[in-house]
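As structure tokens, one chain now follows by itself in the form predicted on its own.
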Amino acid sequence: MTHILVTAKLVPDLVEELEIAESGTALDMTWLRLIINEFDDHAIEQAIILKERSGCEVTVIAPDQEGMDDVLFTAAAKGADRIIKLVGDFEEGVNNHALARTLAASTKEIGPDLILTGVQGNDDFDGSVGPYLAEYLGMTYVGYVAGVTLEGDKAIVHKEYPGGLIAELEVTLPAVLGIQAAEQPPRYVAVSKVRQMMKEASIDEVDVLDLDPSGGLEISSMYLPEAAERAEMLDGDEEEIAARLVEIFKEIGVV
């Protein structure tokens, strides 16, 4: 039976107004609402689809953050067989280098055949988790995946390219896939079912004693975008718009 491991994390809800902390180098987390990373939610859905189709075992693993228990129990209600929480100093935020190293250590003990991650997160300052995790584990990585089929020790993946192009790739397992979209939208789970799962399922906890952030970016300052009326709408056919763009580029010294 193929064992699928899905990684998940919480990210800022961009519907909320974001505020910068007094330090000027991070978001103010006091009242910030966190939600599951949209692409991680699709990764969980894709894993459950594969379980329903091929009888796979699904494990979901995530760092300990406020609200993460609800996310993990929701994953269990959808069909995840095991849910794991990494317990450590995650509340103030952690870069993706440190998160990937921590996930890699736990992954080696779990021994999955396939790892699914969200292709990216809205708080990725230093790259995405998936490629780092694949590197630390010595596995193949394919990102921007929108569909997976398992055939023995191989995964047939559909990878999206710009312009609407779709490539079909054959990947030998074990491997890490960055999911952009599951084959169907993440399913809705009733609150009553999640509450029932809170009584029936348990979250396995893994202590994280050290978070190594080396390799990540050091943020020197953050600021909100300046509000200004600097947009110019260009009218005309393709040649007229292209000519006007060249004029603008010359005016600002780009060419």
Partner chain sequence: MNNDIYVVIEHLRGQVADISYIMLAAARDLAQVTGGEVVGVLLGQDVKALADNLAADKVLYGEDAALAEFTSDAYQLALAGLISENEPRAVFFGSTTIGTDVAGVLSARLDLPLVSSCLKIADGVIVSQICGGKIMAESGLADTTTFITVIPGGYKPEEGQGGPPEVTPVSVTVADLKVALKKYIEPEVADVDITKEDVLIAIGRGIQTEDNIELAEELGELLGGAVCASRPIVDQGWLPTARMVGKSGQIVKPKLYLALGISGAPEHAEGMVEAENIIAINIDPGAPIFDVAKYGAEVDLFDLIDPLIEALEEAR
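Rigid core (definition): largest C-alpha set, two forms, superposition within 1.5 Å. These numbers come from a predicted model, not from an experiment. Residue numbers count along the first chain shown, from 1.
The same protein also exists as the form predicted together with its partner chain; that form is not shown, yet it is the one meant from here on.
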In the model of the complex, the residue from Ile84, Ala105, Val94, Ala181 with a non-hydrogen atom within 4.5 Å of its partner chain is Ala181
With the partner removed from view, which of 212-220, 50-58, 65-73, 193-201 is the stretch that lies within 4.5 Å of its partner chain in the model of the complex, judged by heavy atom distances?
212-220
If we define contact as a non-hydrogen atom of the residue within 4.5 angstroms of the partner, is Pro185 a contact of its partner chain in the model of the complex?
yes
Can you tell me whether Ile248 touches its partner chain? I mean in the model of the complex, with a 4.5 angstroms heavy atom cut-off.
yes
Give a yes or no for Glu135: in the model of the complex, does one of its heavy atoms lie within 4.5 Å of a heavy atom belonging to its partner chain?
yes
Would you classify Val255 as touching its partner chain in the model of the complex, given a 4.5 Å non-hydrogen atom cut-off?
yes
Using the arrangement in the model of the complex, list in sequence order the residues of 113-132 with any heavy atom within 4.5 angstroms of its partner chain.
Gln120, Asn122, Asp123, Asp124, Phe125, Asp126, Gly127, Pro131, Tyr132
Align both forms on the core first, then report whether Gly24 has a C-alpha shift of 2 Å or more between the shown form and the other one.
no
Tell me, please, whether between the shown form and the other one the C-alpha of Glu240 is shifted by 2 Å or more, with the rigid core used for superposition.
yes
